[in-house]
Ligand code: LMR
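Heads up, the chain below is alone and in the form predicted alone; it's given as structure tokens.
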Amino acid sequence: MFYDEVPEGPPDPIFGLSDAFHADVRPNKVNLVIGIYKNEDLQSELLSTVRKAKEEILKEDLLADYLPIDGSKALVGALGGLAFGDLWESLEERVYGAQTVGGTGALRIGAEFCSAFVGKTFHVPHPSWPNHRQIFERVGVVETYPYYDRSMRKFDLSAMLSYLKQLSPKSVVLLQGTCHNPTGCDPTPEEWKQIAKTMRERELMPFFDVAYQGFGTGLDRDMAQIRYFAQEGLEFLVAYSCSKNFSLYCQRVGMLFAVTSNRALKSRVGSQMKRVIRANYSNPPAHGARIVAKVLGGPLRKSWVQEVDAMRERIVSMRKKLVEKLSSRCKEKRFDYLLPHQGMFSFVDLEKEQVARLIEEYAIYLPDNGRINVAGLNSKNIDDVVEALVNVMS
């Protein structure tokens, strides 16, 4: 009676494809869909440092009480230092941090806060992670700004700045801090400075989404643009995810930072953030937060940095091999546009019909926009993937 008029919802564009992949019985199928780091054996194993931290925590006699509404203070300090580096000591008095349920939770809490106190219009890059639109549509109006020039196969600074310059003050602009999903194309440091200048002049609200620190050019260099915004005195939000660089996908560890101008504003912003969190999930879980804080706050940190570096180096290596093999097999096309891409994802120049052929004829799964998860490649499947790509592009 009550549910008779409920229509069937469309499948999620990413998880729906993953479900189809798992249902596929072909033996040589390849999953280049979902944003999970895979090792050479295509396993999403727990980092050894994270496993050690988890084992140590299990031996400790920890209280079973609720965390505060805004989560673990130890996690705020640990991730604050990781995200803002040497600036954290001077920034801490004006940066409010709240632990959230993953990076998605941080985006949602930040979106609700912005809708209530900043602005109800959210501008997201085109293209972007599909869930960005769904999150912001729940609390406001979503519009897209030009980010990627498909004909030039690169980030389009001119088009983005032209768009930003016509926005009304207090418009909220989503910026992917590093390793853009889905294109792999990031602004250069100089381009980030121009973006910051324009956003300051137009009084726009930057809202950074950071899900891949360490997967681009290094843990510190990946955050240089966010630290630059802070040094320049801009007020902004940062949604941070620990899923990828700590391999804590199922633990849902995230953080929302609000960079304000002074201590009084930090307090007021924090009081309202806590009201939003309380109405959503009351308070966050403790286990994953304790793991991250232990890794970053003790002797495990050095080994963790080495593990993150190794993950990044494997991704870079596989992207390079992909370009080399495609260039060797298909000499009439250029593939070097893929080399500057950062992080797990790259846009391969494919049409929807070609992607459909990859799935139907070759059991190679990827979204219909041509985004591939480079970490889904290894020495055993890369030749098959290259052969299939060449065939559908011929």
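Source: prediction; values computed, not measured. All residue numbers are counted from 1 along the displayed sequence.
From this point on, the text means the form predicted in complex with ligand LMR, which you will not see here.
Taking the partner from the other structure, ligand LMR in the predicted complex has no heavy atom within 4.5 Å of any heavy atom of residue 115.
Taking the partner from the other structure, ligand LMR in the predicted complex has no heavy atom within 4.5 Å of any heavy atom of residue 47. Although the partner is absent here, residue 365 is not a contact residue: none of its heavy atoms lies within 4.5 angstroms of ligand LMR in the predicted complex. Taking non-hydrogen atoms only, residue 244 approaches ligand LMR to within 4.5 angstroms in the predicted complex.
Not one of 87, 237 and 257 comes within 4.5 Å of ligand LMR in the predicted complex, counting any heavy atom.
This chain lacks the partner; the member of 34, 67, 326, 348 within 4.5 angstroms of ligand LMR in the predicted complex by a non-hydrogen atom is 34. Though ligand LMR is absent from this view, in the predicted complex it lies within 4.5 Å of a heavy atom of just one residue from 229, 129, 136, 207, which is 129. Of the candidate stretches 352-360, 34-42, 327-335, 51-59, only 34-42 contains residues with a heavy atom within 4.5 Å of ligand LMR in the predicted complex.
In the predicted complex, 181 is the single residue of 158-193 with at least one heavy atom within 4.5 Å of ligand LMR.
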